[in-house]
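The chain below stands alone and is given in structure tokens; this is the form predicted alone.
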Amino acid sequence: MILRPQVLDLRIISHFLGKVVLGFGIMMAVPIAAAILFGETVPIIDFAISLFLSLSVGYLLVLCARLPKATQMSWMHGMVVVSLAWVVCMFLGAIPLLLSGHWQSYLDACFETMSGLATTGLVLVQDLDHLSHAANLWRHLIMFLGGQGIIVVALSFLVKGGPGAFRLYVGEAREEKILPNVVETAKFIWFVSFVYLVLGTLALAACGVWACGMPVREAIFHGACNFMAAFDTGGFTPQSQNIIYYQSIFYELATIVIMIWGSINFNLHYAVWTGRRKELLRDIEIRTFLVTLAIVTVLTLVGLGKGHVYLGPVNLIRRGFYQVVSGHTGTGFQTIYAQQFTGEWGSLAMIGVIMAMAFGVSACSTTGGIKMLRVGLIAKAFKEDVKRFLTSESAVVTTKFRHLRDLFLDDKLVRSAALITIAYILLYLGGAVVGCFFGYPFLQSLFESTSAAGNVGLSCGITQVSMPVLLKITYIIQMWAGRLEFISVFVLGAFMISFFRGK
């Protein structure tokens, strides 16, 4: 029996939602600092207005709650807060983008903001090459925040530990605690992310200066933006030509390393930091990733070779393999133009990239898609069933796998993996059907839908300002549901229904 929400439920949700919004709003001080550094006056005003509105909304939500200190958050509260937080932050984060004048409508600005928060990378910005440094940095910063998790921001600075903190953490599609305390886990995620940010920015800036001939200050700015997008498997870049702009194989190789590193489970990052580097090659996620990467790479390169699209191994790596890695890690960086997918690649190569985008890499990372853990568990379940048929009826067949520690496969794990996998497949197909409804070919519709729902960002040309409003809204919903992995979104839907049908 579903119970109708009480006033206390709404106050609990309002209190914690306000905390998250406050944390998100404070981050707008970063682009204000960038605007001051680059001497941009108008963006200072844009972000000051947005900062004031965000802090006002967050403060009012906390103030209206007037929550007693001993009140505990339930699983339902945590899930609703998380799913609502992403929507509210989308609306607030879109304000400075709209004020910049580079987005045709508020819906387009919201699309871009959700694309950033969900680390997708699909864009509707106009004249990106002349966007202010402050607004450009904000696009990449929200991607950095979304990759680590906006709830992780709140847990790190504004929310105290306890059962409520863990329920917020799980609601953002993270189930694995790195450290015993979930707040300490959140702080560790941010600590390693900032360390990688410094190191990655310097590496990409060096490539920019040495290989691309960029001025030092611009190289550092581009390095920081591209690292945030690569490590958080997003796909935004400061220039409209994406990675093509840099015309450097060294820049491309550096981003490949960062994309793969960002797609790894944060628990494995902790293992590396604590000296247990062998875990990288023992873990089921990494092993499954290497297998699926090999499969989709062969499929894509065979398709490209069959069509004689690129001549020579270097071109195949820079144009073919790069797109596969970008899609599989859920990043969305491109070294080809969107129209080349449909004009040059052919069906087989596009199917290879669609499969890569659909899979994703690691759970508890910044990548999207189904995730290698689920793919690996389903594969092992099939293998276990085959073993049962080949052994005597009295034999007990068990399957052990390594994921941070030695675990045994059970029906509960397989059922959970299968359900989420089916949900993703339905989401991919649902977006493709909407695309076909508006007249786009099925393969292109499936490509773009998988990119949106898998939080990838590769585009074959459908994502444009001129595409139908309903398709924009469809992709926003796909990015949101795909990033949160459905459960908290379903809980929010049930919570809203309970107002009318609850007892």
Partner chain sequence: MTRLKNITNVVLGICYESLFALSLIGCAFFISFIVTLIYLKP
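Residue numbers count along the first chain shown, from 1. Remember, predicted model here, so these are calculated numbers, not experimental data.
In what follows, reference is made to the form predicted together with its partner chain, a form of this protein that is not presented.
> Would residue 306 count as a contact of its partner chain in the model of the complex, using a 4.5 angstroms cut-off between non-hydrogen atoms?
Replying inline: Heavy-atom contact with its partner chain at 4.5 Å: present for residue 306.
> in the model of the complex, does residue 256 have a heavy atom within 4.5 Å of its partner chain?
Replying inline: Output for residue 256 is yes: heavy atoms within 4.5 Å of its partner chain.
> Is residue 297 one of the residues lying within 4.5 Å of its partner chain in the model of the complex, judged by heavy atom distances?
Replying inline: Output for residue 297 is yes: heavy atoms within 4.5 Å of its partner chain.
> Within a 4.5 Å heavy atom cut-off, is residue 264 in contact with its partner chain in the model of the complex?
Replying inline: Residue 264 belongs to the contact set for its partner chain.
>> So its partner chain isn't shown here. In the model of the complex, which residue out of 103, 321, 221, 428 has a non-hydrogen atom within 4.5 Å of it?
In response: None of the others qualify; the residue that does is 321.
>> By the heavy atom within 4.5 Å rule, which residue out of 183, 260, 145, 73 makes contact with its partner chain in the model of the complex?
In response: Only one listed residue qualifies here, and that residue is 260.
>> Looking at heavy atoms inside 4.5 Å, which stretch does its partner chain contact in the model of the complex, given the options 274-282, 84-92, 381-389, 414-422?
In response: Going through the listed ranges, the match is 274-282.
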